[in-house]
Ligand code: ADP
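First, one chain by itself in structure tokens, the form predicted on its own.
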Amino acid sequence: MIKAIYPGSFDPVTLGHLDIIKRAAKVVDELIIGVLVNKEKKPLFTMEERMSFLKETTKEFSNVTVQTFEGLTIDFARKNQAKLIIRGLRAVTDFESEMQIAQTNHSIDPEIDTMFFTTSLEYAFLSSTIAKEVAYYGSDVSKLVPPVVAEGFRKKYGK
């Protein structure tokens, strides 16, 4: 049985994230989405909102669950007995930093590997930061985020 984690802040989950989740869920037996608690960042959405968005948008996948975690991703993987870390790559610019992280994790625990998924071309430009900016200025985010997140933006920004 292949168990994997897909870590991130998911502030908020985008259609690009969902692209990776859908594809990874087909490859592994169990996928745990790990929503990172990062005290250094000030997220737009609360942990409860981010968890709710992810649970709502992944409910169709019987092999996907959502958890929060603090600290190192490698420790989260160990805690869940996952042998695989899923990461998404949007562009070549992501590759260098993601490779460094993967190599660091592998040096800490050689039993845990990282699998990269390149984002589908239609989402290669997309990040949570871009989605937040588009929403902040009142533009349509329906091609960027799931409907539940678009509604979250409307509540947050009143637009």
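Being a predicted model, the structure only gives us computed values, none of them experimental. All residue numbers refer to positions in the sequence shown, first residue = 1.
The discussion below concerns the form predicted in complex with ligand ADP, not included here.
Checking E133, E56, D109, E98 for any heavy atom within 4.5 Å of ligand ADP in the predicted complex turns up a single hit: E98. Although the partner is absent here, G152 is not a contact residue: none of its heavy atoms lies within 4.5 angstroms of ligand ADP in the predicted complex. Remark: T119 counts among the residues lining ligand ADP in the predicted complex, judged by a heavy atom distance of 4.5 Å or less.
Contact annotation for D113: none of its heavy atoms lies within 4.5 Å of ligand ADP in the predicted complex. Contact check for F45: no non-hydrogen atom falls within 4.5 Å of ligand ADP in the predicted complex. Contact residues in stretch 73-96 (any heavy atom within 4.5 Å of ligand ADP, taken in the predicted complex) are R87, G88, L89, R90, D94.
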